[in-house]
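Below you'll find only one chain, the form predicted on its own, shown as structure tokens.
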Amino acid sequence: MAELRAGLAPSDRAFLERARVLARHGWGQVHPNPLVGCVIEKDGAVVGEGFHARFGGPHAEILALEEALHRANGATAFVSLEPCDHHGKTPPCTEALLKAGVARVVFGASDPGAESGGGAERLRREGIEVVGPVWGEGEAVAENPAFHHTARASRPFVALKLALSLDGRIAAARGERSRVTGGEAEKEVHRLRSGFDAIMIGAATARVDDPQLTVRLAPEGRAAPRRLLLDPRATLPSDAALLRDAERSPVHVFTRLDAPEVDMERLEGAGAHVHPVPAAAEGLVLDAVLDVCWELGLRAILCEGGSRLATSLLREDLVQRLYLFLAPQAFGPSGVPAFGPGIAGAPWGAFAPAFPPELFGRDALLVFDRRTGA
């Protein structure tokens, strides 16, 4: 892939990068479909561009071609993801590109879908010059990690988000609700939530922080994320913030099989869906929890802690992405470590940076993806 990218003209790389940036505008509106952007270029000028803006709506190529009109004839289409070649909610993008008379297609990532993939070969057979995939596998996955994960595994994509102090703490003391990051980082967390099917926390986080886990500080996504709580003994209070607005944003509580029946009924009466699953030495069998989530149609889950749940997910190799917000403060030895005992043996080497660090006010966001095959 490095050789292929090196062979591209600087202008080609710039147009493909523009397609990548456009694609990201679809965050929160298209999942479980992928983010896709497209730029139509002719004689060095952009004549059309678009991005997949809503689930079930026109694909990026269609919108870009509609803007380009007749100027697409003989042009180059730069697409962040290989054009699809199947009839889904919309016709194949390959047919639209052929009909428009596009002469060349450059794409960043291959489509991993068994049905949607194969567009590049179709275009080549029809005589169009096709260049791609230009990006390496890690770079391609970084743009649509959940889409790539669920294409090869019948298990939800799990991302872990933690806000950390410089000394690796998530709170000033156990049982104490602590402000770690600032307002700009908090807004980014809400934006991230809009692109996931569900938000997950453990019982200790629910007890200490009493969070709502809704999208309030950013534009809402196409559907309100469900709220998932791992509460082995069904101890969540009936008046918890998590149970507010449960009709609009369902709450799913996972308990032990032997949790008190009266408390499971109490939570159901408060509007929660209760799912008893097998117990583990520490909490619940996470594989069983994720199996239920898959059956519920949840394809991408953002876990927001706390320490025990984060440690278990990492130790059992169930995390595909890490969102680590690093704040310029320290809590000292009395602070709560982000990761519990035994995490030193976790496969940290299995993760690699997905993007350059990004600043949100005073805080830095570091994003890591699991290496392919790790």
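Residue numbers run from 1 along the displayed sequence. Quick caveat, the model's predicted, so the values are computed rather than measured.
What comes next is about the form predicted together with a small molecule, which does not appear here.
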In the model of the complex, the residue from 269, 175, 297, 219 that sits within 4.5 Å of the small molecule by heavy atoms:
175
Which residue among 204, 224, 131, 103 has a heavy atom within 4.5 angstroms of the small molecule in the model of the complex?
204
Check 85, 88 and 150: does every one of them have a heavy atom within 4.5 Å of the small molecule in the model of the complex?
no
Among 113 to 121, 242 to 250, 139 to 147, 160 to 168, which stretch has residues whose heavy atoms lie within 4.5 Å of the small molecule in the model of the complex?
160 to 168
Please determine whether residue 233 contacts the small molecule in the model of the complex, using a 4.5 Å cut-off between heavy atoms.
yes
Is the gap between residue 283 and the small molecule in the model of the complex 4.5 Å or less for some heavy atom pair?
yes
Does residue 314 reach the small molecule in the model of the complex, with heavy atoms at most 4.5 Å apart?
no
Please check if residue 326 has a heavy atom lying within 4.5 Å of any heavy atom of the small molecule in the model of the complex.
no
